[in-house]
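Included below are structure tokens for two forms of one protein chain, each presented in isolation as structure 1 and structure 2.
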Structure 1
């Protein structure tokens, strides 16, 4: 079969299955089977068995359910509410006031969650009612939450980075280190935008609140201390070379259970609910990874990735030209697929041409995560938009409009790290070399 016709057929089959409501993992498996049936005489059963077994037995993937469980524990404990109460006194005198709680709160919770949806839901349930009660502009409150909620994908421990590392056989520790600089860059951009907006729209801001006293500040730091200690235990153990990401995930779960137990925020029911939530999310991701792994092999048999890479190579695109094309491609595909599906579905095709263009695969992982973050606030399938819609009761496209400035800031951040790749690469190259 002509390779162009085969490619078009596989795309139609994939989107047809996804639109029918079939789970993403099974849709990928089905497309892989169709590809092998049409383009290869290799024994499908043997290839299927070996590839699925290999995809599911990687040691690095052990970190995934542990980090998910840690986030589930924190989501159901008092730690999240204590975190908001601790940040409010420290941010309310900044230009923009408590709007910064969304930015810094999401950044802080992302350090112990790894999930964009969990970060958005946890911070949003606390901040949106409080900001509404204090007279803050609802559009800005929703926009800052939508944008900053995406930090869960970038700031380590990031589930997407674990999936990318497992799918591309890159060092997860290096990816975690590479996510720190861009994560801080995004926090600065978002917070800076809030300050500028608040200065230009003074009439839409509530009256300034009194400055907190030293006693209130000390109490706030005390409420933040458990979160900070957990971050130090998880991320610090990786950066110091004391633990691998998988071992750090176990440290995180143990720390989260200890903190929840000491604060009385986790009873038997919520403990079992956290286990169930972690199992469901882990199984969903495992099915997607298994399906994508088999599809990767099937695509290799078809020759489509080689042909596509050769065609792009013939266009004579520079690195920046290739990245611009990929940026537009990922933004479009992000309108229809979730973040994990984007990563596992496209890396096998895209990564060879990226490496051939001389782009560092660790840096490209950060680039890919930034684009996936954009997809989280892009209708009609932006998952963070649905989370915020359920919390705020607003129309999905209204929420997307409020999130638009932060989508553009994500595009700006992507351009900045493309121009200055050391923002992502300096920390892993320095610390891993030591």
Structure 2
């Protein structure tokens, strides 16, 4: 079957199934089955089983339920409301107030979590209900979470950079360092946007908190202390050589349990409820991951991403032209495939042309991460959208609409690091001796 026709057909089938209300995991599976049926003679059931078995039992994946569990414990303990009560007086003068919590919270959490779904789920579980209770604009609360949740991939550790580094023989240590600058740039862009938005939309902001006295300020710091301790503890466990980034998630669970136990916010019932909540949420994400994983292998068999990428290579574009076309290409396929799949399916074809165009492969890794981050918040297939639908009850298209400004900021950030590659490359060049 002609590849253009096949691609168009698959897009139509995917949209049709999703809009008719089929569960996302099943919809992805069904599209994969259609693709396999039309474009490959490999036995579909066996390919499905083999791929799912491999994909769903990866060690990296264990961090996801652990982080979600940590979020559930914190959500059920007093910690998350304490944290917000503590932060409220401190962010009083900042335009945008507590809306920045999503940006900073995700940036901090991204220092421990390598995936954006875990970052979004854990931070959002605490921040969305709190922001809503405090009268913040729900669209803005959701948008900042969707956008900032993507930091999980850019700020080290990062699953995407590990996959890219392993496939392209680039130093993972350097890639990690290269993500730091662009991560900060994004945080600044997001926060700046929040400030400007809140100045332009004063009527949609809650009434400012009363000015705190010194006692309140001290009390606020006291309320924040356990959270700070927990975050420092988890990040510290990685850098002290006690835990791998995957294992650090369990340090988070242990720390959350300890704090919740000490502050008296956790009894047997809420412990079990947190575990059940984590079981259901991580199962929901895993089911979609399973569908996405089968769609990925089906795409590998059809050769669609490969062919499209190779076609771009044949156009003989200039460096910036190539990057612009690749950006567009990734944004479009990023609507339908999840981030890691895109990297896995296309780097083999794209990297040689990128290197031939004189583009630094470390820099290109960061470019890819930014593109993958965009794919997390574009409908219909975007993991941050699914996670936020699950937390907030808003459907993915609505969430995607709220996230649109942050998507555009990601595009802006990509343009900025294309013009100033040092933002990514300076840190690895100074920190690494050779």
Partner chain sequence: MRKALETLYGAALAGTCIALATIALLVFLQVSGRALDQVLVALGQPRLGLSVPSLAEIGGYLSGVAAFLALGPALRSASHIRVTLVLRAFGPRGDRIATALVLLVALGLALFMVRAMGAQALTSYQRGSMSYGMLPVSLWIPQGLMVLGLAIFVLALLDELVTLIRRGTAPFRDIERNREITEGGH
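Residue numbers count along the first chain shown, from 1. Just so it is clear, the structure is predicted and the values come from calculations on it, not from any experiment. C-alpha atoms forming the largest set that superposes within 1.5 Å between two forms make up the rigid core.
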Only one structure is the form predicted together with the partner chain, namely structure 2
Compare the position of the CA of residue 190 between the two structures after a rigid core fit and state whether the shift reaches 2 Å. no
Answer yes if the Cα of residue 275 shifts by 2 angstroms or more between the two structures on a rigid-core superposition, and no otherwise. yes
Does residue 146 move its CA by 2 angstroms or more between the two structures when the core is aligned? no
Keeping the rigid core fixed, work out how far the Cα of residue 93 travels between the two structures, to one decimal in Å. 3.2
Cα displacement of residue 252 between the two structures, once the rigid core is superposed (Å): 10.1
